[in-house]
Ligand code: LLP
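Form predicted on its own, single chain, as structure tokens, below.
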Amino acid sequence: MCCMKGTFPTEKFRGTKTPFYYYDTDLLRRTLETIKTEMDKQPDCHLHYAVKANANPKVLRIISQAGFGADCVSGGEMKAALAAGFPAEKIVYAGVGKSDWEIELGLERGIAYFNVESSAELEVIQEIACRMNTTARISLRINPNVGAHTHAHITTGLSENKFGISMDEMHQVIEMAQSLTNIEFVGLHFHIGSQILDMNDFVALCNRVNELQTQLERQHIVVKNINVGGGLGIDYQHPNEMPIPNFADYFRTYRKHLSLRPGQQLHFELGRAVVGQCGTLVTKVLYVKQTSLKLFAIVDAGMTDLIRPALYQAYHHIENLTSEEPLQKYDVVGPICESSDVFAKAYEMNACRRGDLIAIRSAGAYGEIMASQYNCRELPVGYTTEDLA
């Protein structure tokens, strides 16, 4: 089994209270450079990092320093992005349930635009912008009814999902936006889901956007910005062999299949693909428990620290960092009082002993950010390469 034991500061890990998140900032910076290289092949291209994937302040600052914008889905995320140095004019704000104070914050700070998800929301933004004597720039999130080959809980582009404005309502809501005194209509926004590895899903989105643009042109409606969201997945099975996602194919797909109009700006909102592989949850073996049916490795991290396996039945590559003993199969489980508190079943890794350090890989996205204090547990700390140098 290929592993990355030699690349982790394991000796530093031994003296650090577990469980904790470790962020390989060298890998993060290489990932950001790869994205820049691919985006440079297409003019008028912008990336807003999806803060919901990971809002660790040190991670956010590295991404902001690389020159990218931020995609936020709450007022708290806007505050975190601003604190990390993201310019307000590079922040976009989405979400089906924006509170008044969150809209006010976006208007006060002068963010790039709001991704609006309903006519009801549009009316509220108009009302608040009028009261504040300002203009709100908005992009309409359209539900393209495009499926994605991913988990049902993370598809967002089907008619049955709660997100966006239906294509049937698109023309009506655009006309509404253009008629409002304190609204500036600046674009269309789309997002079909997350952890997508089949480029044909993005081809289908491109085709749908092309169709909608042609319809709008017949009505002489000009769209300044096309925002295609994010959704590119990572290789959870082989984080060592594929530490950086296939950005070349991803961006090439849009260059080839999306028919942008002259002067149009293309926006992306990648999250998991940016930070997923740089993060590892480090935990310690508390007990090795043998039953008549199986062998358990009971660790001190649980679903409160990384909920994805319990929530999505998600796979994470797991390594024993401190053992070179022969391989054995374990159910790797946590201490939470729930039967779903399981990281992996019948998982093969180097034989475990009490005190061994276990690395749960590809945990940089939707890991630390989704942690909870269920069972009155402490939240995990996040460390970077620099912290443990």
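Small disclaimer: the values here were computed from a predicted structure and weren't measured. Residue numbers here begin at 1 and follow the sequence given.
There is another form of the same protein, the form predicted together with this ligand; it is not shown, and what comes next is about it.
A.B. asks: Taking T18, A301 and E319 together, does each of them reach this ligand in the predicted bound form with some heavy atom inside 4.5 Å?
C.D. replies: The answer is no; none of T18, A301 and E319 reaches this ligand.
A.B. asks: Is A50 near this ligand? Define near as a heavy atom within 4.5 Å, in the predicted bound form.
C.D. replies: Yes, A50 sits close enough to this ligand in the predicted bound form that at least one of its heavy atoms falls within 4.5 Å.
A.B. asks: Please check if Y312 has a heavy atom lying within 4.5 Å of any heavy atom of this ligand in the predicted bound form.
C.D. replies: Result yes; Y312 sits at the interface with this ligand in the predicted bound form.
A.B. asks: So, R308 and this ligand: in the predicted bound form, are they within 4.5 Å at any heavy atom pair?
C.D. replies: Answer yes; at least one heavy atom of R308 falls within 4.5 Å of this ligand in the predicted bound form.
A.B. asks: Look up in the predicted bound form whether G106 has a non-hydrogen atom within 4.5 angstroms of this ligand, and give yes or no.
C.D. replies: Outside the cut-off, so no.
A.B. asks: This ligand isn't shown here, but in the predicted bound form which of G230, P239, G279, P245 has a heavy atom within 4.5 Å of it?
C.D. replies: So the residue touching this ligand in the predicted bound form, by this definition, is G230.
A.B. asks: Looking at Q195, S139, T283, N143 here, can you tell me which has any non-hydrogen atom within 4.5 angstroms of this ligand in the predicted bound form?
C.D. replies: Here the answer is residue option Q195.
A.B. asks: Any idea which of 173-181, 81-89, 186-194, 283-291 reaches within 4.5 Å of this ligand in the predicted bound form, heavy atoms considered?
C.D. replies: Every other range fails; the passing one is 186-194.
A.B. asks: Going through 360-380 from first to last, which residues have a non-hydrogen atom within 4.5 Å of this ligand in the predicted bound form?
C.D. replies: Heavy-atom contacts to this ligand in the predicted bound form: Y366, M370.
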